[in-house]
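In structure tokens, the next block holds one chain alone, the form predicted alone.
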């Protein structure tokens, strides 16, 4: 009896696991075989879902007509306009999603409908991105999987499939340079070269399911998600209201959007920096920019000078760890001053700079003292070597004299 029950359970399990869709498509060629080849890597397959959960039909039927029976709900290829709602049957169901991934959000469809992609799709434009364009189709991987097309290091390539297509973007009066511009940015370098997965990617600024271009009024808020202090200073600066009145996009005016390069103190130059875009050199704002740039340059030079002295002392074997800590504090003051620049308040910047200059002056003096200690040690070493040399010579002369006396005595006795 127990054997019979076991066999029945095994048979039931085999029937449940059977998927004639995969078996059939594996025997086909080309595009018809591709889904079956991709399916083993799909996260849905790993969770126990099958072809019929999306395409309908009977995956246990061996007869193709029965397997693809409309009576069994077979829908075959899914139209692009139907894809978001199809995916949302599961991904908008809190109970179902909680069973597989308690942290998974269930508002993706609602967000997608607010996006430029969702709105255009609803209007009948089937060229816009849907779920499968970003996540793939039959080999959908978890977002944290490095091979997923929406993994931080891969998402720019995914977006570029459309946004680097000049012909496609021309239909929407959009440039197709954003992906390449982004790859020249400080954000991409942080992500790709330093491996900082928290660095901004396309989705960080534009959103993912609710993808939309940041508007003029929201650019600073988007940047402020990471650069909070800069945002606070800018909001209190004279530029905030001026940019608002002119309809300018805050951060973008000075830093750009996709091709954001590493900021330097030279950006404050009125001659060849960003300040010269709006201000003349002899105007009050131009003079303020030059004053701030001069202060930053001064502290940077003092940091370099004190660093060189400390490095020279360390190379000579002098302990300068305490001065190293002070130097780092001076460096922090420079970094703080560069953030305070966004207030465009010369007095506020000067407070940080003056504190930094006091620190670097003390560090430089500590470096000079360390070099004096090095010189004293060298002088002491010279004296020691001279004393040792004199001692050695004296011993040699004494031994030599004694040997000569012994030789004279032996000659006299002979």
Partner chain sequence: MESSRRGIVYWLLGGGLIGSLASFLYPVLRYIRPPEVAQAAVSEAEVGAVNQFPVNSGKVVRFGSKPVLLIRLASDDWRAFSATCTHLACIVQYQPERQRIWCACHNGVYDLNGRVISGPPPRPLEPFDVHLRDGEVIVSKRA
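Residue numbers count along the first chain shown, from 1. The model shown is predicted, which means the values in this text are computed figures rather than measured ones.
This protein has a second form, the form predicted in complex with its partner chain, left out of what is shown; the following refers to that one.
Residue contact check for residue 338: none of its heavy atoms lie within 4.5 Å of its partner chain in the predicted bound form. Residue contact check for residue 383: one or more of its heavy atoms lie within 4.5 Å of its partner chain in the predicted bound form. Contact check for residue 179: no non-hydrogen atom falls within 4.5 Å of its partner chain in the predicted bound form. In the predicted bound form, at least one heavy atom of residue 388 sits within 4.5 Å of a heavy atom of its partner chain. Only one of 157, 96, 110, 225 comes within 4.5 Å of its partner chain in the predicted bound form through a heavy atom, and that residue is 225.
Of the residues 304, 332, 126, 166, just one reaches its partner chain in the predicted bound form with a heavy atom at 4.5 Å or closer; this is 332.
The candidate spot formed by 198, 394 and 398 is fully in contact with its partner chain in the predicted bound form: every one of the three has a heavy atom within 4.5 Å. This chain is displayed without its partner chain, yet in the predicted bound form the stretch 227-235 from 68-76, 277-285, 227-235, 126-134 comes within 4.5 Å of it by heavy atoms.
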